[in-house]
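Just the one chain here, the form predicted on its own, laid out as structure tokens.
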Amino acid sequence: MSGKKQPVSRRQFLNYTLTGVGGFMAAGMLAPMVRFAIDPVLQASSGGDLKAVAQVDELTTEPQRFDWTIDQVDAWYESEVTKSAWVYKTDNDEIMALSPVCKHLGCVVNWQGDPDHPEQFFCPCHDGRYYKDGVNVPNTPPNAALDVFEHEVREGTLYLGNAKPRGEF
């Protein structure tokens, strides 16, 4: 290589300048898009947040509806949201916490809501039915069992978290 410097032509200078400016402009446009795409990964998960719902000694073998509120953040909007669960003790003295949301169309199910079918959860929207354990009655509109809330008992108090489809715990 020779020690002589090559002068930059006007065409090369404009080419380098426009490429650099274009690169900065592209980076300025892509940075917010990349941040938007990876933002959910960077957010802290609130999946393990459990809320106190009831005292364990209040629970019976008959499903009872319990309501509680959680703080929900949706982008920049914060609000309190009311959640509900049907909670009871099984014959084995285990706690069962079922979501009241029907798996057919998202309506709210009620315990013994239909006099023709006692001891079942009933969805009034399309006559959907579930057995006491939350499993859907065959040949009725729901095609899946009710979701189950993650739960924990601490010092005689029942804490509930998020509802998940059966088998995800």
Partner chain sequence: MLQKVYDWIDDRVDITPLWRDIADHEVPEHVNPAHHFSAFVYCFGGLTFFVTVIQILSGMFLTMYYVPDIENAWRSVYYLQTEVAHGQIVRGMHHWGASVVIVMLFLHTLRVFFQGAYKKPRELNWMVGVMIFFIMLALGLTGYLLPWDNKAYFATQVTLEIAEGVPFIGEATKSLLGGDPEIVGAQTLTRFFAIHVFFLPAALFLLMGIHFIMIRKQGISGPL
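Note that the rigid core is defined as the largest set of C-alphas that superpose within 1.5 Å between two forms. These numbers come from a predicted model, not from an experiment. Positions refer to the first chain, counted from 1.
Omitted from view is the form predicted together with its partner chain, to which the following refers.
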**Asked** What stretch, of 113-121, 29-37, 53-61, 97-105, brings heavy atoms to within 4.5 Å of its partner chain in the predicted complex?
**Response** 29-37
**Asked** If you check in the predicted complex, is Val153 within 4.5 Å of its partner chain, heavy atoms only?
**Response** no
**Request:** Answer for Met25 alone: is it within 4.5 Å of its partner chain in the predicted complex, judged on heavy atom distances?
**Result:** yes
**Asked** For 63-93: residues with a non-hydrogen atom within 4.5 angstroms of its partner chain in the predicted complex?
**Response** Ala75, Trp76
**Message:** Core superposed first: is there a CA shift of 2 Å or greater at Gly22 between the shown form and the other one?
**Reply:** yes
**Item:** Core fit, then Pro124 C-alpha moves 2 Å or more between the shown form and the other one
**Value:** no
**Asked** For Arg154, is the CA shift between the shown form and the other one at least 2 Å following rigid-core superposition?
**Response** no
